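Next comes just one chain, in structure tokens: the form predicted on its own.
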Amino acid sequence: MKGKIDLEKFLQTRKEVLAAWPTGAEVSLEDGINYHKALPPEKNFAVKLKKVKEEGITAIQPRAGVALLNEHIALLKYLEKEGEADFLPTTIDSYTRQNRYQEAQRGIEESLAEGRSMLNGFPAVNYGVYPCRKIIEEVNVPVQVRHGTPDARLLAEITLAGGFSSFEGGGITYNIPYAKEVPLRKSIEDWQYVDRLIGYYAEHGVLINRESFGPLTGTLVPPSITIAINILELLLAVEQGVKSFTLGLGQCGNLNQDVAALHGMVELAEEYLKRFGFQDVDLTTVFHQWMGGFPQDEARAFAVIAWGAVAAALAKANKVVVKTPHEALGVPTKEANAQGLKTTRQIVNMLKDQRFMVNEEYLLEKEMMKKEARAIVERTLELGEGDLVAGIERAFAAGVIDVPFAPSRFNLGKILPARDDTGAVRILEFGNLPFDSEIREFHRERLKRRGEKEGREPSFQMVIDDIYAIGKGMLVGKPRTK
């Protein structure tokens, strides 16, 4: 690992970053740091997350973002009051995610003309620092930037100076699942800038939380791949001075596997932090409720939300990101968003004093996932020969890291996942993953068992059946009956 970006080089690059859109001129590091220091501690994401972890509770957070400032503030206030959200988001619009600020500006103007949001999120870069601060001042809980941006440098500068105290994403997790043509080296280096910026805030007494986007493509992603990528983004972040980092995991649906994945991910992350000498990092977790297809029926959708809440609560995730009963229908109403939050709140409150019953299957799952993730991370480190960015770039090119169903042409796309007969996500086609014979046999045996129960060979049809299964009212996709 190469260490922090040189400060002089960072400050020189900042000039170019801030010049990309007129609101960049409003950004001052000194003013941003002073603004954060003047905010009450209960509005700081990193501080509150640490408290949540110490208290052993699972906090709840929605997704939300609209084009117009006052409407966005009203939405967040509603979700805080009616939805009882512990943390709030600001989801960024798609134009801003692609650095297309002129088109985002037109989206604001069209939204004003139409009297409703014509964008699928909040265009923070166009609004600039001071409207962002208005958001922070109007609510009583910490607010996070959630987006999907391969080059988030200007977005980070503006929102952090605007008082946001958590920034989701990373050079892998906000590229491979979101973009087709963005080279990995470019996105990772752009995110190293973001992490160096957050490191700068930390050096001056302001903690900003960073969070990896665990669900990736949200479609049957084997947990070990998520764990490995989380650890690589963690190492990239702490190398630049990040002191608060949240590991993210998307729900798969099998309770043993989901709980084991969250616990194994933390254990492995702590192992790598210790190995590389990063002892002063606040490590927390977020669990995302099911990110795949939802049932259209609201009652069934609530069941999916509830099952995600159960998994998060029993795993003792520090935070759960909540879905809505309108997932299958499009953009949810604020009422539907609050309903998802209240459903989740009820369950995490009911389960907060209960413990997951450790069993043999859980222990085996955790052991195998850690072995798989460690194999990926170790091979990536070997390929880098001391340069983590190069290692990640080479690992993706070689298929050592491979994310199923990702659009990026820099992802090999040779692996195929499928569920076993208990609903746990296994690997049907291994591509070039660096797994030994024990790991491969474990997955094959589990899929074979399902095949025998269903009277068919494990195949791509299983994958298709599994992708649509939850939307059709089940976890494991069953063969069509004649």
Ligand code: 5AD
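Position 1 is the first residue in the sequence shown; the rest follow in order. Predicted, not measured: the structure shown is a model, and the values here were computed from it.
Another form exists, predicted together with the named molecule; not displayed. Remarks below refer to it.
Transferring the named molecule from its position in the model of the complex by superimposing the C-alphas around the site leaves no ligand atom within 2.4 angstroms of any backbone or C-beta atom here, which marks the site as open. Figure note: of the listed segments 134-142, 116-124, 99-107, 362-370, the one touching the named molecule in the model of the complex, with heavy atoms no more than 4.5 Å away, is 116-124. Not displayed here, the named molecule is kept clear of residue 391 by more than 4.5 Å at the level of heavy atoms in the model of the complex. Using a 4.5 angstroms threshold between heavy atoms, residue 184 stays clear of the named molecule in the model of the complex.
In the model of the complex, the named molecule sits beyond 4.5 Å of every heavy atom of residue 343. Using a 4.5 Å cutoff between non-hydrogen atoms, residue 434 does not count as a contact of the named molecule in the model of the complex. For the options 303, 350, 331, 112, the one in contact with the named molecule in the model of the complex, meaning a heavy atom within 4.5 Å, is 331.
Screening 323, 319, 210, 153 for any heavy atom within 4.5 Å of the named molecule in the model of the complex leaves a single hit, 323.
Of the residues in 41-74, those that come within 4.5 Å of the named molecule in the model of the complex through at least one heavy atom are, in sequence order, 63, 64, 65.
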